[in-house]
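Heads up, the chain below is alone and in the form predicted on its own; it's given as structure tokens.
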């Protein structure tokens, strides 16, 4: 039996929503799990790189054995029903750029889980799948929208359960994804974050997150411009993304730009704007990065509302 799952990319944090806001985007990895019939063949993992970066980063980053995050996710699901995965062939068709802040690791975790769950006859519901995926990923902000789609506010509780609510993204607002031609691992990006932050910074972000939710619900342009500010992660990660400070400063002068934020841990960035003047926005970003010899792929995408889907032949 063979099962394939199509999983969207995700962008997380979105400014003030550190580790709790995430959004699914229409770039996809396809994860296929096949039960092999030959005993003793063990686990086989293959990667087919179809991303525009096409630099074999997925192959470099993802172990091809039981140490792979996709295998760990599958193993946890099997173990939860008292079984152990045996002979499985796992294939990842990769379109989501690696180590760019677009949830590539979350996508393979989710894809492996959903495919395995289908093979096993659906022993796990969405709540259980979210908990397992978060256990492997470490935080729920990418895996939740990857599974359920859309813009999601999510939280991992002390007992490991995941609470989430979907928000309706205003159609009037563009999401422009800018992917530079270099990688930045989540581990490095997290290593620069302080273990403690000033109380006033925590309060600042709490206010901005509340503004973000209200701005989305009411389609309030002016409020969203304030809401997309952050003091918990972006100031510390700025030095890891050369040119980001200049891009943010240059975009401030564009009336239709609501904000520019890191996509997840970076180095990709997300520009949120009203639905016009996209050529000017893209030109500013491209020119600013090219000044420091950074090439960039820029694309404007809608929100992917459906999340991960089982593919049928």
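All of these numbers come straight from a predicted model, not from anything done at the bench. Numbering follows the first chain given and starts at 1.
Omitted here: the form predicted in complex with a small molecule. The next part is about that form.
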- [ ] Considering only heavy atoms, tell me if residue 190 and the small molecule come within 4.5 Å of each other in the predicted bound form.
- [x] yes
- [ ] Determine whether any heavy atom of residue 31 comes within 4.5 Å of a heavy atom of the small molecule in the predicted bound form, and answer yes or no.
- [x] no
Open item on the list: Does any part of residue 186 reach within 4.5 Å of the small molecule in the predicted bound form? Heavy atoms only, please.
Closed with: yes
TODO: Answer for residue 142 alone: is it within 4.5 Å of the small molecule in the predicted bound form, judged on heavy atom distances?
DONE: yes
TODO: Please name which of the stretches 22 to 30, 245 to 253, 263 to 271, 277 to 285 has residues with heavy atoms lying within 4.5 Å of the small molecule in the predicted bound form.
DONE: 263 to 271
